[in-house]
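In structure tokens, one chain follows: the form predicted alone.
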Amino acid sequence: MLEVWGRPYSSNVIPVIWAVAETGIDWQLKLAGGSFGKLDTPEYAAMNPNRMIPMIRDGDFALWESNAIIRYIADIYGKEHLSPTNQKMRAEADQWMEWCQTRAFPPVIQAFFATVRTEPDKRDVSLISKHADEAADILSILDDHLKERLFVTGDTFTIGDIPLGCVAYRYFNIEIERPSFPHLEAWYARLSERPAYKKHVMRFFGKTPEDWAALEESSATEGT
């Protein structure tokens, strides 16, 4: 059975879990990282010398780095519906996955840490506004791209939607000012109809560090 090592509230683990869930295969969550530990053990280091999450183990094969894992899952278990068979579409999906990692994810996760992961009385309003503006500037590119298409690579959901879909959930559910993004919002609404997205991405993550810690602790029942 395929194993996903990580925490179900981790921003880098969530896209992997979502990708696996979209395939319908049997899989198991192996809790690791944060309060769950295990990363400093020799056994884990033998699988992932970075001692970070996520990591998967598929039989005797171990793989780390979230986008690489998503591509592997799609190619091995989701070829019919996650991995585009058209090479140009696949390249476009890869392009947007990389764009997510380098451009869209950083300002959104910084806004997330400046709000949800910071005590209310210690939040820097100007810093939050700065991250929100940066996120909006970047996501306006995606909004324009989605003007005449249902999903990132066209009319079909693919791996290109997965990392960005996770970023979108955080962006639309943190307490920041956001401009209107009609095409981005419509795409987000379409993703929200997918059962795997609802279950594994659309998790309430709280509004304070205490909320976050309590929710993550409660996730201990989800894996081993």
Ligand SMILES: N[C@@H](CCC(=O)N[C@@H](CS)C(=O)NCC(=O)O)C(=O)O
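In this text, residue numbers run from 1 along the sequence as written. No experiment lies behind these values; they were computed from the predicted model shown.
Only in words, not in the display: the form predicted in complex with the ligand, which the text now covers.
Novice: Quick check for you: of 53-61, 157-165, 193-201, 175-183, which stretch puts a non-hydrogen atom within 4.5 Å of the ligand in the predicted complex?
Specialist: Residues of 53-61 come within 4.5 Å of the partner.
Novice: At 4.5 Å between heavy atoms, is L29 in contact with the ligand in the predicted complex?
Specialist: L29 lies outside the contact set for the ligand.
Novice: Would T23 show up as a contact with the ligand in the predicted complex if we use heavy atoms at 4.5 Å?
Specialist: No - in the predicted complex, heavy atoms of T23 and the ligand never come within 4.5 Å of each other.
Novice: Verify the contact flag for Q110: yes if a non-hydrogen atom of it lies within 4.5 Å of a non-hydrogen atom of the ligand in the predicted complex, no if not.
Specialist: No, Q110 is distant from the partner.
Novice: Answer for S129 alone: is it within 4.5 Å of the ligand in the predicted complex, judged on heavy atom distances?
Specialist: So S129 does not count as contacting the ligand.
Novice: Using the arrangement in the predicted complex, list in sequence order the residues of 1-29 with any heavy atom within 4.5 angstroms of the ligand.
Specialist: Going through 1-29 in order - heavy atoms within 4.5 Å of the ligand in the predicted complex - the hits are R7, S10, S11, N12.
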